[in-house]
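Here you get one chain, nothing else, as structure tokens; it is the form predicted alone.
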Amino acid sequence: MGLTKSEMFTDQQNRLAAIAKVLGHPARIAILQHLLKVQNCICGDLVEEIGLAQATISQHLREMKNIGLLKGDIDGTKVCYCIDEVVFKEIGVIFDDLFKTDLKGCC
């Protein structure tokens, strides 16, 4: 979608599309599930946990951080990531608003 086309849609529609795009990769879902399970900042063990190369994990983390889902703290040469609780809840509300619509059925 071109930059000018996104202007045709609401901020919430664009936000939901960006979130869905980031969450549309199974590695990112695995990363999110792991972070939810440990409920702590992760510095280096994602490579071992997920089983992908460090560069690949870094790219996935960057995409998740770009939508605000992750926070990262630099500690020397390490970057530690954890879930941004406010954004996580916001994403839940956005998806809930979309899926709570009462369908009347058309067929």
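All of these numbers come straight from a predicted model, not from anything done at the bench. Numbers for residues come from their place in the sequence shown, where the first is 1.
Keep in mind that the form predicted together with another copy of the chain is not shown, yet the notes after this line are about it.
Contact between N66 and another copy of the chain in the predicted bound form is not found at the 4.5 Å heavy atom cutoff. Put simply, N40 is close to another copy of the chain in the predicted bound form: some heavy atom of it is within 4.5 Å. A residue is said to contact a partner when one of its heavy atoms sits within 4.5 Å of a partner heavy atom; I50 meets this definition for another copy of the chain in the predicted bound form. Although the partner is absent here, Q33 sits close enough that one of its heavy atoms falls within 4.5 Å of another copy of the chain in the predicted bound form. Taking another copy of the chain as positioned in the predicted bound form, the residues of 15-35 that bring a heavy atom within 4.5 Å of it are, in sequence order, L16, A17, A20, K21, L23, G24, H25, P26, A27, I29, A30, L32, Q33.
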